[in-house]
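Single chain ahead, written as structure tokens, the form predicted on its own.
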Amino acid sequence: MKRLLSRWFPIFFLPTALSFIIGFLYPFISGIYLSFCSFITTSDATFIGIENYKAVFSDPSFLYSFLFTIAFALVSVVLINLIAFMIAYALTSGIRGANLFRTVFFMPNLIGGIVLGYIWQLIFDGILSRYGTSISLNPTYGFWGLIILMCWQQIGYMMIIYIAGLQSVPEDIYEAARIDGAGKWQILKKVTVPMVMPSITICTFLTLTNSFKLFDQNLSLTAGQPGTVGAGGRTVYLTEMLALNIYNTFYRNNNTRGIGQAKAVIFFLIVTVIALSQLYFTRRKEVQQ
């Protein structure tokens, strides 16, 4: 069998390798090159050095979107993981109808981002219209609207991962803790949380990257509105996250596509560094069962 697998290995490997090169590696390298170019289409790219990157760091809308995205990511990561863990802990405590609750909490994750954004826009505007405003007119409402939407969609998915982690903790560890006189809070703090750290690592990674990459919901819920005039007469959209800022830079003006591509490269580096740092620090707290 080993000899047979070695003989036919290229037949199975080459299609996957070619798909990876054509679908990911070549566009990725090409995108990095285009970030140093001025172009409208990829066939007329002209190399201009680091001018696009200079323009990025002098763009007040990008800097604002970066800070807005960080604030959004911090709040959403904490709320999603805290609420998802609490729900998972409750549903693994032997309450009646646990399977029904799991299904109900998971269902919002099945709805597409664009549709979800428009649904919540109708809900928020229906409430705020009673007070003479709209979610797209107030950046505070826009921020918390995005938080509520993100939590509503992601909590059920993270809950499933936490349930799997909680159910994998050996029962004899809990029995040993009870015999030693530990109470429920001590068991939760000293036993449960350390033992489900792998699930916490996964959920934190997913919520962190999803928060930074949020696009569909931002586009359909607020479209970055409201806008204000920033430094140099440039418009800064007060609920515009990084992904939407890159999209608007690339498609609103043909002359700024190189700048949009440079923003995309910087965005990739930011998400990569933050995600890998989070994985490094949370994995250090994991314990072996």
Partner chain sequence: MKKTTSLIIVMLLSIGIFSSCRRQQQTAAGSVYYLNFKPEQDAAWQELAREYTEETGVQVTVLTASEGNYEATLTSEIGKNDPPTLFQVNGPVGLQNWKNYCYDLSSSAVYSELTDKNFALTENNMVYGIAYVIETYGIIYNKTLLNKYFASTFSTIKSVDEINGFDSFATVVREIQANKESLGVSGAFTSAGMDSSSDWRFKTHLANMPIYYEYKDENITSTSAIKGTYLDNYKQIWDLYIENATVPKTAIATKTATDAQTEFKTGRAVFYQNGTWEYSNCKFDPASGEGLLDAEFGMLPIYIGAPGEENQGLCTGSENYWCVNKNASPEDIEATLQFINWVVTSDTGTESLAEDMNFVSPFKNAESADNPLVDIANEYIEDGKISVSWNFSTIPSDAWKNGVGTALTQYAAGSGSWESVRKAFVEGWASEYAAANR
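Given the structure is predicted, the values throughout are model-derived calculations rather than measurements. Residue numbers count along the first chain shown, from 1.
Keep in mind that the form predicted together with the partner chain is not shown, yet the notes after this line are about it.
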Using heavy atoms and a 4.5 Å limit, would one call S136 a contact residue for the partner chain in the predicted bound form? yes
When the contact criterion is heavy atoms within 4.5 Å, does Y64 count as touching the partner chain in the predicted bound form? no
Decide whether N254 counts as a contact residue for the partner chain in the predicted bound form under a heavy atom distance cut-off of 4.5 Å. yes
I259: heavy atom within 4.5 Å of the partner chain in the predicted bound form? yes
Within 4.5 Å of the partner chain in the predicted bound form, do P60, A90 and T272 each have at least one heavy atom? no
In the predicted bound form, which of the listed residues (N81, Q121, T201, T209) lies with a heavy atom within 4.5 Å of the partner chain? Q121
Counting only non-hydrogen atoms, the one stretch of 66-74, 24-32, 260-268, 37-45 within 4.5 angstroms of the partner chain in the predicted bound form is 37-45
